[in-house]
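Just the one chain here, the form predicted alone, laid out as structure tokens.
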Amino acid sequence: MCTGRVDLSFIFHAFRKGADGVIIGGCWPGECHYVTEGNYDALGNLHLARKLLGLVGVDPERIRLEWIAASEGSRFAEVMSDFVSTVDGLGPLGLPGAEDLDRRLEAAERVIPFLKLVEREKLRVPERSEAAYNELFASEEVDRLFRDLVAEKLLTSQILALLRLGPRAAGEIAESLGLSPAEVSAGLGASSRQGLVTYDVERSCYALA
């Protein structure tokens, strides 16, 4: 299968199912078997996944993309051994706070369609080259997009994921998600304006609309 078909949702699904790390192996740039250059799409997804993982508190080093030809058996073994050592050094992903982590990963997974839209509309790579992809995703422009657009969407998604478990007061939401009252207030305000949550005056708490 071409690495270009490794969707972002596959990566987050793997982490939610208990994977401590995810490695993707693809053809070397310029050697695509399908003449689609899907390995560049995979490279873009790697950068997006790492930034999104960072926003939910997961070390981006838990995902890696490597170029490995079918004939490079020894390189494959070396890469896998190195990645296993890296993941071992990071320790198990789900401990402690596995339930909280799953909620954060679920929230990130629900943001992926929006992230793809942002990528399509805002993240234009000037050329199909490894250097161009790496330069773009390391730029202040991309960091700003994640701060201004993706982080806000993720905050709303995290709040909604928590409220699916039942109504919560604003303070309880802040404590559960490790957020400041101001952040929760902003997220609840945005969710309310979109008609996603409602405030129960009698119980002094928020719930899904």
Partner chain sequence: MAACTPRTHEPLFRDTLREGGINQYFFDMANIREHCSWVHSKQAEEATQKAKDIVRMSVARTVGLEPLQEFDLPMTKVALVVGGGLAGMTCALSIANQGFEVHLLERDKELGGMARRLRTTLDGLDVQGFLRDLVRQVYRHPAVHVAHGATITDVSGYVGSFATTVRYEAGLKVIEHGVTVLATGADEHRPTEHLYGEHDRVMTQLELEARLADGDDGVAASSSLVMIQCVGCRTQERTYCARVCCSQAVKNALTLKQRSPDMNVYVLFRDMRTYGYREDAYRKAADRGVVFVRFEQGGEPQVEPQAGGDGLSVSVMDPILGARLLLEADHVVLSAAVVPSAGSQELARLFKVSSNPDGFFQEAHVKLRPVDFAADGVFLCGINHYPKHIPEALSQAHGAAGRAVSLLAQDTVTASGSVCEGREQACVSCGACITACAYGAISFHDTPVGKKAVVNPVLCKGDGLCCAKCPTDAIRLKHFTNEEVLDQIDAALAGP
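Numbering follows the first chain given and starts at 1. Only a predicted model underlies this, so the values are computations on that prediction, with no experimental measurement involved.
Unshown form predicted together with the partner chain; subsequent notes refer to it.
- Highlighted residues Asp7, Cys32 and Arg120: every one comes within 4.5 Å of the partner chain in the predicted bound form, counting any heavy atom.
- When you look in the predicted bound form, the only residue of Leu196, Ala186, Ile23, Ala14 with a non-hydrogen atom within 4.5 Å of the partner chain is Ala14.
- Residue Asp41 is the only one of Glu66, Glu152, Glu172, Asp41 with a heavy atom lying within 4.5 Å of the partner chain in the predicted bound form.
- From the list 23 to 31, 49 to 57, 141 to 149, 156 to 164, the contact stretch for the partner chain in the predicted bound form under a 4.5 Å heavy atom rule is 23 to 31.
- Among residues of the shown chain, Arg75 is not one whose heavy atoms approach the partner chain to within 4.5 Å in the predicted bound form.
- Contact annotation for Pro113: at least one heavy atom lies within 4.5 Å of the partner chain in the predicted bound form.
- In the predicted bound form, Cys2 approaches the partner chain with a heavy atom inside 4.5 Å.
- Although the partner is absent here, Ala19 is a contact residue: one of its heavy atoms lies within 4.5 angstroms of the partner chain in the predicted bound form.
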